[in-house]
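Encoded as structure tokens, the following chain is the form predicted alone, with no partner shown.
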């Protein structure tokens, strides 16, 4: 395990061959920030995910999105091996299984930088995500508790990812969202770092340290509810309203590989 004294100093980076749907963000005026590492999972120890850091969501029922999979804690669906977390969606002859893990009750934080280095799966109906929910969701039901989708992705569009927030007045299909993609590359062929930097009055979205979305209170069509701790979730769904059904062209099994998850707090920041 690496020292928690590691600092992350984020500068501004531009890459060629990208497109941003919904407008282009300008990095000018965005100050560099210095962050201190406060939580990490490097997925170095083979076996089940570290139970001191992750809990499992289990079962079926559509999960509010008409999804098809049953979430399990079976090693065929979720395991740490070869230096990465592997969440695998499997076609079990017409039924589907996968996994969803969360830091709820084990780690949450308000503000900072939340990032993961991930190689995504692909195929129609495959729906991987790295996201966060308000830690008060048990007493303050969604969407009032808030949701920050750091990265979600439709497997039938392997060159495009999406970043969104949900809250009262802008949830579900009315979420505040933007898409980031490549003209000549795909997210399933190599690892990429997906991150948000979050403060009292902003959420900045990055892919490989390229800023592609800035959300501030004035951008919302409802209340700003991003003022309290959130916990993290990693999962691969199958089907659902967001991606549609798998097809005969969907190759199974499909695995999301997560090299690491890291959380930082801003040094001398909010």
Partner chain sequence: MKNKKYNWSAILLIAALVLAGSGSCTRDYDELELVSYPTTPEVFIDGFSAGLNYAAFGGSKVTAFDVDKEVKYQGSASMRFEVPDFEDPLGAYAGGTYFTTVGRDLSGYDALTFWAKASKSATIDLVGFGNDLGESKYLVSMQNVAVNTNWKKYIIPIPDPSRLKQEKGMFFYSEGPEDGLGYTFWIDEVKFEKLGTIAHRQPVILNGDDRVESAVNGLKFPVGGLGVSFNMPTGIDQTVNAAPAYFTFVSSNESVASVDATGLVSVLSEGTAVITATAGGTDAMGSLTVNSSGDFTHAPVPAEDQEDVISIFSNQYVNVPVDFYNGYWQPYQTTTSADFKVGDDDVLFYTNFNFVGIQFTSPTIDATTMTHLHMDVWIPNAVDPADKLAVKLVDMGPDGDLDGTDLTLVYEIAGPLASQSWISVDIPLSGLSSRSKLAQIILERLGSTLTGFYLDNVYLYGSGGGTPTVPTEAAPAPPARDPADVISLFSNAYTNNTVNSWSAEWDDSDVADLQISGDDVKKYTFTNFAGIDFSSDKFDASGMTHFHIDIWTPDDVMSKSLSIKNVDFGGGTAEATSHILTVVHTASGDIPALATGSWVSVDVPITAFTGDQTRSDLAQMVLSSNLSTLYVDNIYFYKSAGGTGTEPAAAAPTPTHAAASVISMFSGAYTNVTVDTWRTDWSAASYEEVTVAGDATKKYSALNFVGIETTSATIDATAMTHVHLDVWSADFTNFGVKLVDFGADGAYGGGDDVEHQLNYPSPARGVWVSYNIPLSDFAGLTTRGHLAQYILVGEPAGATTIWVDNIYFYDDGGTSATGPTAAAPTPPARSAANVVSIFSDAYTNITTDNFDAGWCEGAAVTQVSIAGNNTLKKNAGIVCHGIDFSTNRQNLSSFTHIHFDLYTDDTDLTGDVFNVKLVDFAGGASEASALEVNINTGTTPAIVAGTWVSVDIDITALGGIVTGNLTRSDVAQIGITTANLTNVWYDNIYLWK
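Values in this document were obtained by computation on a predicted structure and should not be read as measured data. Numbering follows the first chain given and starts at 1.
Absent from the display: the form predicted together with the partner chain. The rest refers to it.
**Student:** In the predicted complex, which of 79-87, 184-192, 135-143, 167-175 comes within 4.5 Å of the partner chain (heavy atoms)?
**Tutor:** After filtering at 4.5 Å, what remains is 184-192.
**Student:** With heavy atoms only and a cut-off of 4.5 Å, decide whether residue 123 touches the partner chain in the predicted complex.
**Tutor:** Within the cut-off, so yes.
**Student:** May I ask you to check whether residue 156 falls inside a 4.5 Å heavy atom distance of the partner chain in the predicted complex?
**Tutor:** Contact check for residue 156: yes, within 4.5 Å of the partner chain in the predicted complex.
**Student:** Although the partner chain is absent from this view, report whether residue 253 comes within 4.5 Å of it in the predicted complex, heavy atoms only.
**Tutor:** Residue-level check for residue 253: no, no contact with the partner chain.
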